[in-house]
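Quick heads-up: it's one chain on its own, the form predicted alone, in structure tokens.
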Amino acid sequence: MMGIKVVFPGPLSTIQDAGRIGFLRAGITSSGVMDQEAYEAANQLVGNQSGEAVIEATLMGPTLEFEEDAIVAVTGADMCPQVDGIGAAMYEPIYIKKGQKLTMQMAVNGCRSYIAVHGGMDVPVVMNSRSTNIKCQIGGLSGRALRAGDRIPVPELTCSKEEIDRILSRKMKKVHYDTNVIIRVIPGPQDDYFTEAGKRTFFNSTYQISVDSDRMGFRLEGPEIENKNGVDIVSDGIAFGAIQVPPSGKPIVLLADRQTTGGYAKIGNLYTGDIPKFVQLKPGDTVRFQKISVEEAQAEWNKK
């Protein structure tokens, strides 16, 4: 089993996959990648099956040294990847030779990059997933972010030359992420807790991503949302993209590492198809919300 040595981890790089499904009743959230589209693209480019683990890098990417030849793809936020100091293309497979280093910089577009390696990453499966849950300290490498000196086991590249050439011929269109986006929201399930004025405020205001944001959720800075008689509810389940409004009136969009249940009213939920561009926002970027019905969301999703 070959490995990848972490020379520099970046501010927050974790091993993630499609998520830890089926354990919400035990209080274990799904975790997994924030940007499902960029994640799937990375695995497809290197010829992996759906669901293989990747590295998710936030704001700035890692520097990785490869102990054997490998085929790698980088998708999502543009962190200007280089192999031994020479620029490497995003959304295209990269052949990296033994001893070479993949270096990534600060993101110049977007917030989260995904690094996939042909064959996946051979870290332990915990509750049917390799995803890192830092709060529970499970998955990935010892349930934590990557550190300098870590070694990530990956299978040896055993493809024939013809198979390698076939993989390297793949290419996808690079994704550009805007810093001011419109995100569609399905109202509910507790939108009746808010006044009509409060709902108008939510759907007609511009909100800014707070510096106090992470994989658990994005806090939004902007106009307060008026409620009728408070926002406390009997705790119920929290979906990816649920928008809670605490007593402060400032919305919080809950994401991959969210809590499994919550006791504040939810004014709406992000439309799943818009989550990838939302999670690529950085602190200081802005968002406006647009109302969409369940039926409209389903019809839009079926077009994909």
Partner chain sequence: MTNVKFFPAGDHAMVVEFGSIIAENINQKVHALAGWIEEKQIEGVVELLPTFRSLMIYYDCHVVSFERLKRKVSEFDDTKVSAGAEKKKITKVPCCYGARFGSDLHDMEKILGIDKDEIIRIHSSVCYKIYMLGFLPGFVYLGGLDKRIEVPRLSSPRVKINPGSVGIGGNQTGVYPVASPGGWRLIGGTPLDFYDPDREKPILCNAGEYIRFVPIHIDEYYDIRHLVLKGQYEPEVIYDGN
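Numbering follows the first chain given and starts at 1. All values derive from a computational prediction rather than experimental measurement.
Missing here is the form predicted in complex with the partner chain; even so, the following discussion is about that form.
> Which one of these stretches, 92 to 100, 115 to 123, 206 to 214, 228 to 236, sits within 4.5 Å of the partner chain in the predicted bound form when only heavy atoms are counted?
Replying inline: Contact-bearing stretch, as computed: 228 to 236.
>> Since only the chain is shown here, I'm wondering whether Thr261 would be in contact with the partner chain in the predicted bound form (any heavy atom pair within 4.5 Å).
In response: Heavy-atom contact with the partner chain at 4.5 Å: present for Thr261.
> Does the partner chain come within 4.5 Å of any heavy atom of Lys135 in the predicted bound form?
Replying inline: Yes, Lys135 lies within 4.5 Å of the partner chain in the predicted bound form.
> Is there a heavy atom of Ile186 no more than 4.5 Å from a heavy atom of the partner chain in the predicted bound form?
Replying inline: Yes, contact at 4.5 Å.
>> Using a 4.5 angstroms cut-off on non-hydrogen atoms, would Pro11 count as touching the partner chain in the predicted bound form?
In response: No, Pro11 stays farther than 4.5 Å from the partner chain in the predicted bound form.
> Among the candidate residues Cys80, Met127, Leu157, Ile167, which is the single one with a non-hydrogen atom no more than 4.5 Å from the partner chain in the predicted bound form?
Replying inline: The residue from Cys80, Met127, Leu157, Ile167 that makes the contact is Met127.
>> Using a 4.5 Å heavy atom cutoff, which residues in 267 to 304 contact the partner chain in the predicted bound form? It's fine if the answer is none.
In response: Asn269, Leu270, Tyr271, Thr272, Val294, Glu295, Ala297, Gln298, Trp301, Asn302 sit within 4.5 Å of the partner.
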